[in-house]
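Quick heads-up: it's one chain on its own, the form predicted on its own, in structure tokens.
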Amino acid sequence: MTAPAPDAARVAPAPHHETDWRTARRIARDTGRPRPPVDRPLRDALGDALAAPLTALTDLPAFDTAAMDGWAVAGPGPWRRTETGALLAGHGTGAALADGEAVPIATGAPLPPGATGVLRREHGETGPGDAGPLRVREPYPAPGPGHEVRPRGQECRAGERLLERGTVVGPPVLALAAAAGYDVLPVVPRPRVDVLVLGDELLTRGLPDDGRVRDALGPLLPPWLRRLGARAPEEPRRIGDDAEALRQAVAHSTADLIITTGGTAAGPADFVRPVLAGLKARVLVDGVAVRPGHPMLLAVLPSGRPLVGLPGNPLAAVSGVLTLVEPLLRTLTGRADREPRSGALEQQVPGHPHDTRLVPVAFRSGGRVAPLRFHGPAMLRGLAEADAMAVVPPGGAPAGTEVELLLTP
């Protein structure tokens, strides 16, 4: 083990009062500021959040269009067919139709002036050899006004608000923005996150041996952080138990958010708090009254960049992600909070005498949730099956209790 840095070694963890988990989430949400918005071409905006409401730049559809292949018709049938060619999408509206006239039309083509509706191709028939008038085939009804037509503005009118600020730009949002006339979108760019994994005991491959265990948080955190809107590395930076290496990594990081795993307790190799003290960081949350995960912390460096210290045990670290990291990232990314969720416990869940418990649960029918068996701080089996973490108050909760749910990313 590398010896701790002299400055870090002399700074003992100060006694502190653990913060209530709801208060900790609020503090995290209020920490930092959303990144300045930028205009991105549609192809580059995927995964960012809208920096302003998305309003339509045009009516959708922008003109009356055929909803089916068939004939554009004017008035009641039978109809005489015009001598003009078929109307196709992207080729204008064609000549106006007089009452009693029809012209072939393709799906998506604009209706010609005077057309009252569209007769589906399979619903129409003509005389022998495709001669004679166009009639409605039995037993189909005659097309009335607006039949098989997507009218102008059916989906929205120009200036109408389509999506709210903070909406995450996924493929459907890109499609809607393109249809509504956008070439670029104002977005809050995803913040860049550094993930520093601490602990000499962690292996990156092979079986646990000689007191060393596999690193579970290295594979878990980066993809979760990306789902929460961050730009996270494919592989975290592994530092081990080295206070000076940790100090250097934190001091020279240019990320918008730094996350450490492990080293947040008061053991002989727990250097996060002493290093932060040496860097003159301002600690906003120094422990949270929640189990597992109570040694988690939130600090702000002199540069203004936040740092979240997660415990090293996997389920405890997940508690820290849901308590501190997620609300902080929602501020940095400009994303709205999730809608509150709750569920009724299928069975009794014991509680901690004084602290809130976060217990992995799986969704069941009827709004019920089933507590999962493997819920120790270092366990992963429950988390692997979980849909959410149930918030169990101090003292526990009997079966049927409606509890708050924190959805996993």
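From a predicted model like this one, the values you see are computed outputs, not experimental measurements. Just count from 1 along the sequence shown to find any residue number.
One more form of this protein exists, namely the form predicted together with a small molecule; it is left out here, but the text below deals with it.
Stretch 209 to 217 is the answer when you ask which of 111 to 119, 209 to 217, 76 to 84, 249 to 257 has residues with heavy atoms within 4.5 Å of the small molecule in the model of the complex. Although the partner is absent from this view, Ala89 stays clear of the small molecule in the model of the complex, with no non-hydrogen atom inside 4.5 angstroms.
Proximity of Leu163 to the small molecule in the model of the complex falls outside the 4.5 Å heavy atom cutoff. Remark: Ala265 counts among the residues lining the small molecule in the model of the complex, judged by a heavy atom distance of 4.5 Å or less.
Proximity of His294 to the small molecule in the model of the complex falls within the 4.5 Å heavy atom cutoff. Residue-level contacts in the model of the complex: of Pro314, Gly287, Pro104, Gly229, one residue has a heavy atom within 4.5 Å of the small molecule, and it is Pro314.
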